[in-house]
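What follows is a single chain, given as C-alpha cells, in the form predicted alone.
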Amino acid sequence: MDGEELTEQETALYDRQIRVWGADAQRRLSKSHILVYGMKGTVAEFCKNIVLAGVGSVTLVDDRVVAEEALSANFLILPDKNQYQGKTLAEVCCDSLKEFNHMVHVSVEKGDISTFGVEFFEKFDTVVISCCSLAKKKLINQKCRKLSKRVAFYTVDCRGSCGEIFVDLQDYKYSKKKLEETIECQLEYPSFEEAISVPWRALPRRVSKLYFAMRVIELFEDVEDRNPGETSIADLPGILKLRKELCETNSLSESQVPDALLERLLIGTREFPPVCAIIGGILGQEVIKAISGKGDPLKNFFFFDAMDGKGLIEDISEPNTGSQAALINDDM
C-alpha cells in the first residue's frame, strides 16, 4: 500500500477526513482492498462506512438470492421488487454501494468462499466475513494466516439486539500519540480457533456472558449441521443441554450463560437495524484503524447488547499472547 500519492481528486474529495487522520492514513486507505462475505444488515452498514471513507476496492461475495425478509435490516436493497428480483445479495448491494462513492471500485465475486484457494485471499488487505458456520470461520482465518503478507481478519455476527465482532490482526504494529510523543506499539493476536479454544475456566470471572452464549449457539448450529441463524426458540431444550455439558467440562457455573440471554438470542434471530448501525460502525472504525496503523486496535472480541446499551471489549487469548499492547519504542 506504500508508494503512490493521493490524486488531486482524492485530496479534494477526502479533505475533511484528511484533516482528522492525515494524508498518509488516507493514502493507505485508498490503496487498500477489502473482501466481504455475507451481505446482511450489519455488513451493509460496514460496507457503507468504508466506501465513504475511501478504500481502494471492496469485493462482495454472497450468492444467495435476495428474499423479502432481507429488506428489514439491509438498506442497500431497494424496496422495489423489480430492482432485486432474481439477483443475488452481492449483486444488489454492489449496485447500491457504487452510488455512495464513485472513486471506490466495488465488485462481485461468485462462488463458495470456503472453496477459494489460499492464493485468492492474497489480493486483499482485509477479509470480513458474516453468516458463517464455525468451521467456515476457522477455515478462512487459517487461509489468511498462511499467506506471506499479513491479512487482517474479522468476523461479525448480529442476533436480534446483540452483536459480536472478532478481530485477528496477527502480529500487528501501530503507532499512537501519548502527550507530545508518538509511541510505536505491537500486539500479538490469536487466530479464531485459538481464541475460542481458551478454556472457559481460564478466563476472568467478569467476561461478557454474551461470549459464552454465542459460543453455545454457534457450537449447537455446528453439531446440528445448521446454517448460521437457523435456530429458533424450539431449539432451547437442546441448547440448554449443550450449555450444561460445556459448563461441566469447563468447570463454569451455568449462571454465566443465563437462560434469558439464550432465549433472547433464539427469539431474535433477525437483525435489529439500530444494532446493525452500531456494530457496523464499530467494525468500520476498527478496519480503518488497522489499515491506517493509527490508534489502539480492538483485541480481540467486541460485544454489544441493546438491552443495557453497553459495548464491551474482551481479550480472549492464551496468557502468553498478552492482553496489553507492548511498547516497542526503545526510548520507552
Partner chain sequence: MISQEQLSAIKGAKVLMVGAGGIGCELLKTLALSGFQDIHVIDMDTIEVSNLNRQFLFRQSHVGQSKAKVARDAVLRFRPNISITPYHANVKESHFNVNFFKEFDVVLNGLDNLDARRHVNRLCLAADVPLVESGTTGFLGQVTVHLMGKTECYECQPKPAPKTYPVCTITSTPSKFVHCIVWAKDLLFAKLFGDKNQENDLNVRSSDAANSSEHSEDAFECRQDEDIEQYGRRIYDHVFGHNIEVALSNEETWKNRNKPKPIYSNDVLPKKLTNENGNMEKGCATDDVSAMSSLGLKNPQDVWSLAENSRVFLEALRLFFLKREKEIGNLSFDKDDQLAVEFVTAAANIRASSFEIPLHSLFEAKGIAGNIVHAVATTNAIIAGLIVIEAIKVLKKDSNDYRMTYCLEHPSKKMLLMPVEPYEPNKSCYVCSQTPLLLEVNTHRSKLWDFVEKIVKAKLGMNFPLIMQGASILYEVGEDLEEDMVAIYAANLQKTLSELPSQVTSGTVLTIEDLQQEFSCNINIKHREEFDEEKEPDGMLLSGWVEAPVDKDNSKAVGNGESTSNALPAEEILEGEKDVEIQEISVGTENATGRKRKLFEVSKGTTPDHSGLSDERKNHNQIEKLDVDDEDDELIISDDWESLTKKKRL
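Residue numbers count along the first chain shown, from 1. What you see is a predicted model; the values in this text were computed from it and never measured.
Below: the form predicted in complex with its partner chain, not depicted.
Distance criterion of 4.5 Å from any heavy atom to its partner chain in the predicted complex singles out L78 from the list L78, A135, A202, V223.
None of 106 to 114, 223 to 231, 256 to 264, 192 to 200 except one has non-hydrogen atoms within 4.5 angstroms of its partner chain in the predicted complex; the exception is 256 to 264. Three-residue candidate spot A67, E91 and G293; no residue lies within 4.5 angstroms of its partner chain in the predicted complex by any non-hydrogen atom.
Its partner chain in the predicted complex comes within 4.5 Å of a heavy atom belonging to Q285.
Contact annotation for Q17: at least one heavy atom lies within 4.5 Å of its partner chain in the predicted complex. Contact annotation: E99 falls within 4.5 Å of its partner chain in the predicted complex, judged by heavy atom distances. Although the partner is absent here, G56 sits far enough away that none of its heavy atoms falls within 4.5 Å of its partner chain in the predicted complex. Scanning 18 to 57 for heavy atoms within 4.5 Å of its partner chain in the predicted complex gives I18, R19, V20, W21, A23, E45, K48, N49, L52 in sequence order.
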